[in-house]
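Just one chain follows, in the form predicted on its own, and it is written as structure tokens.
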């Protein structure tokens, strides 16, 4: 199984278009130890020819252009694509907006929870991916679903499961004090399995905490891609970029007694990679103390174009 990180940044990318914070300014200036990143998405394939996307970021067109494996086949006719399916983990703007890039009548399948697909169905702009060509398939949680698209069996199963999180920002209706805690299906994690080899990995780009059920599920995994949005819960507040903490945004912090480094330390996971990294996060500076902490804990910081094979 081939796994490619198409985009490793959180919403807004890195640098964010309107951000003059320390890290965004440094990457624009070409400071050593920084690299630009597009918004969060993976591509996976069992055979190297037929691909599924895990989330469709606003940067998807650029990501496809930067990834030759996702280009149309030179002998496949005037219109063709190796992308056969897209799996969306929540209804955040940075995870569904890229679907609009996949218009033009191309056949593929969209998979998601019934709650996430309800968001797509409620917004007519997503009908540019016409349902007669692009079926929207709701999967049941905690049950493997075979991925297919455009008449192709991708040789992969996806098992979706609810994780602690929150509803998409644009769906919030009340004030700041309202509880937007997750309902089952608002935010999901994925277990992807190659049906031929039985190799599997976890993809959890948004997660508010590693609670006991999640810890038990991922214990002993060979590979996980996990929410690395913020290094500390209050970093955006401290940097003057926002009044919201990581918890308010539905994201676990990397550091601290309740952070992901501590939470996963006893779980015997062979390889751990952070994705969905916010422009405020000091781990984006490869020479920072935060980066040394992450590296010494045995974690990797994902980057655009990174490839992993299982």
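Positions refer to the first chain, counted from 1. If you're wondering where the values come from, they're calculated on a predicted model, not measured in any experiment.
If you look for the form predicted together with another copy of the chain, you will not find it shown, but the lines that follow are about it.
- Of the candidate stretches 211-219, 224-232, 188-196, 116-124, only 116-124 contains residues with a heavy atom within 4.5 Å of another copy of the chain in the predicted complex.
- A single residue from the set 200, 106, 157, 109 has any heavy atom within 4.5 angstroms of another copy of the chain in the predicted complex; that residue is 106.
- A single residue from the set 64, 56, 252, 52 has any heavy atom within 4.5 angstroms of another copy of the chain in the predicted complex; that residue is 64.
- Although the partner is absent here, residue 273 lies well away from another copy of the chain in the predicted complex, with no heavy atom inside 4.5 Å.
- In the predicted complex, another copy of the chain stays beyond 4.5 Å of every heavy atom belonging to residue 152.
- In the predicted complex, another copy of the chain sits within 4.5 Å of a heavy atom of residue 14.
- For the chain shown alone, residue 148 is not a contact residue for another copy of the chain in the predicted complex, no non-hydrogen atom being within 4.5 angstroms.
- Annotation for 289-310: no interface residues with another copy of the chain in the predicted complex [heavy atom within 4.5 Å].
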